[in-house]
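Okay, here we've got a single chain as structure tokens, the form predicted alone, with questions on binding and movement later.
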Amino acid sequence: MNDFILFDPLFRVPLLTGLCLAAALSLIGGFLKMREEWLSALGISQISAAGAVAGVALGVPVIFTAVAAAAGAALIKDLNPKSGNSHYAMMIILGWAASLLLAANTYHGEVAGETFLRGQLYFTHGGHLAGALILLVFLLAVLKWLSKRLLTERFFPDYYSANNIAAFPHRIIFAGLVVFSAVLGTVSIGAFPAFAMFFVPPWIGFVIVDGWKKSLAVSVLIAVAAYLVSFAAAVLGDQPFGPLLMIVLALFAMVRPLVKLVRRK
């Protein structure tokens, strides 16, 4: 009878929320890998976690402070676009330190800090699910349009300036997607689990198959499979979801060197 716990209405919203996030984060992670900005996912997640803990201290809805902190960090990064992953490394350092300091000096802050770093998938509600659905639907709606422009900009950096075409629309939309997905992932499944979902599926998928579209599709399949296995194991084993997700993704990643070895032969 324990198996039927998975079908309990109590877990319905968390299951669907995480499922939508798994698909959305892995898709966005594919673009981040292509742009060599994969570290941004963890940097913005850490900053948003610090913003969320600050919201607890100020008595403000954490989603507002988390988004404000993440958007501010992304804006500062855009002012110096050549800094690359080094800028995101500083976000990780400062975000982690700020999260712990704010948590240590805030009423209930320690619990909040641990929650946002580790995740609270079991306690997500309709608002989280609505946000995850909006993110996924919007991402799928603009995927073809966004993909064409980001690929062009990646492989032909001077294309837009040389042809006097405005590049800011797709840049702003993509930056908004990264910020919103990082914040939603942080408050739902935790900063590090969200980063793992951004990074690991595309990291595996881009080795398993050739071609941009196929790689994105495989990345989503890997993310969804890892999520479902982790969720089932966490619920049935009464374990924290975040660490299990990261372990399952790490196990999935063991396929990567095997594929590379086979291809060399």
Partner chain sequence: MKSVELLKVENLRAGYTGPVTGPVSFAIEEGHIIGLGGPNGSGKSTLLRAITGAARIFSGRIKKAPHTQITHHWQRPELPPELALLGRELFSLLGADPDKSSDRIHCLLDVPLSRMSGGQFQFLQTAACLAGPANLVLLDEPTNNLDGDAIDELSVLLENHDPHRSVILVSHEKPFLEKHCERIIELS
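Worth saying up front: this structure is predicted, and the values here are computed from it rather than measured. Positions refer to the first chain, counted from 1.
The same protein also has a form predicted together with its partner chain, omitted here; what follows describes it.
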| item | value |
| --- | --- |
| 4.5 angstroms heavy atom contact with its partner chain in the model of the complex for D238 | no |
| 4.5 Å heavy atom contact, N163 and its partner chain in the model of the complex | yes |
| H125, heavy atom within 4.5 angstroms of its partner chain in the model of the complex | no |
| T106 within 4.5 Å of its partner chain in the model of the complex, heavy atoms | no |
| Residue stretch of 57 to 65, 41 to 49, 219 to 227, 205 to 213 approaching its partner chain in the model of the complex, non-hydrogen atom distance within 4.5 Å | 205 to 213 |
| Contact set, 147 to 169 vs its partner chain in the model of the complex - heavy atom within 4.5 angstroms | K148, L151, T152, R154, F155, F156, P157, D158, Y159, S161, A162, N163 |
